[in-house]
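What follows is one chain in structure tokens, specifically the form predicted on its own.
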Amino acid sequence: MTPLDLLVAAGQQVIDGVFLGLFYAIVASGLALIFGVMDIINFAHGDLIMISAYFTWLLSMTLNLDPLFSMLLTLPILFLIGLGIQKGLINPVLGKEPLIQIAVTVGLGFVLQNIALGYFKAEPKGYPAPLFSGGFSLGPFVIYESKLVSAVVSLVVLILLSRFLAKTKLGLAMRAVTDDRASAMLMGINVGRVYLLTFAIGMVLIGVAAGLWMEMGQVTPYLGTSFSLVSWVAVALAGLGSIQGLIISAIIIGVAQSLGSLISPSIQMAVVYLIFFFILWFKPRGLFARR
């Protein structure tokens, strides 16, 4: 491989990595929102994305709809499911020992994974003819439509989420609870209602991530594990700061993973974790932490 070929290959991986990073940002956004507001790590986050992806796939196959359109149908349902999970499982363990919270969310993840294994088996499921399955050339680089659409939709949703948190009454209440829960209560904010709606909105973000994934790839019962790991790394790397910080951190992860594949596909996540450890060595609270 000539130096020019190597440069083109690296440029292609950077482009793909930016697109992947924007997708990772939407994957991690629900986890970041729930952790920031409710101070609980949802260990079932990846498995909720996995089961939502199966839900999107079922609707797509049944109605013969592209996953992006099926996703729009799943979002209101996932909002209601989020209300139910928060009310029935998460709310009773808020304020309890961390081990109890971990046990509940890990248990939920295992239940979802076993439901998927029992019903769908281990065979990968994917929509056979997604709307955005082609690509086009941009100079020496190839832009894949599914990755581009995923990146654009992710960015638009994250911008809307940022505006929601900064401009709406509920968003400002969420930020207040994130910064100082006790002071927020003294100001008359209904923290229980904020918790309930936060988890439900987090489920909507999970549904967006699931729909975008089904436009690009396939789902298996073990998909949640990889999404959980990437989400935790992105949130820890960004710190509890801002949506913009989460986007930058996720892009760092996506580009590092893509460039790592130039060396060997088997070590691409190792490259991500090395960068993650290096940054946290100097910034233990994350790159963009506000608290």
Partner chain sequence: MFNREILIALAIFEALVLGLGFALSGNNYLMLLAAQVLLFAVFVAAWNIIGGLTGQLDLASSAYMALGGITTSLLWMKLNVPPLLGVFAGGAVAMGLAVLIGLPTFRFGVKEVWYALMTASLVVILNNLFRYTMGPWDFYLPSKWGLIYLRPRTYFELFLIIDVVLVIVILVNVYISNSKIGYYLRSIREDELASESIGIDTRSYKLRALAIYSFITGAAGFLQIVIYSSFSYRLFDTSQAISIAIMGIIGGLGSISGSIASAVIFRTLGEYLRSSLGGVFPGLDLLLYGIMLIIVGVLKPEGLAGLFNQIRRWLGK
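In this text, rigid core is short for the largest set of C-alphas that superpose within 1.5 Å between two forms. Numbering follows the first chain given and starts at 1. Keep in mind the model is a prediction, meaning the values are calculated, not measured.
Missing here is the form predicted in complex with the partner chain; even so, the following discussion is about that form.
- Although the partner chain is omitted here, in the model of the complex none of 94, 200 and 244 has a heavy atom within 4.5 Å of it.
- Residue-level contacts in the model of the complex: of 236, 68, 252, 33, one residue has a heavy atom within 4.5 Å of the partner chain, and it is 236.
- Proximity to the partner chain in the model of the complex, defined as a heavy atom within 4.5 Å, singles out one entry of 117, 172, 185, 155, which is 117.
- None of 156 to 164, 202 to 210, 176 to 184, 98 to 106 except one has non-hydrogen atoms within 4.5 angstroms of the partner chain in the model of the complex; the exception is 98 to 106.
- The partner chain is not drawn, but in the model of the complex it has no heavy atom within 4.5 Å of residue 73.
- The shortest heavy atom separation between residue 248 and the partner chain in the model of the complex exceeds 4.5 Å.
- When contacts are judged by a 4.5 Å heavy atom cut-off, residue 63 does not count as touching the partner chain in the model of the complex.
- In the model of the complex, at least one heavy atom of residue 43 sits within 4.5 Å of a heavy atom of the partner chain.
- Along 202 to 229, these residues reach a heavy atom to within 4.5 Å of the partner chain in the model of the complex: 225, 229.
- Residue 20 shows a C-alpha shift below 2 Å between the shown form and the other one [criterion: core-superposed Cα displacement of 2 Å].
- With the core held fixed, residue 10 shows a CA shift below 2 Å between the shown form and the other one.
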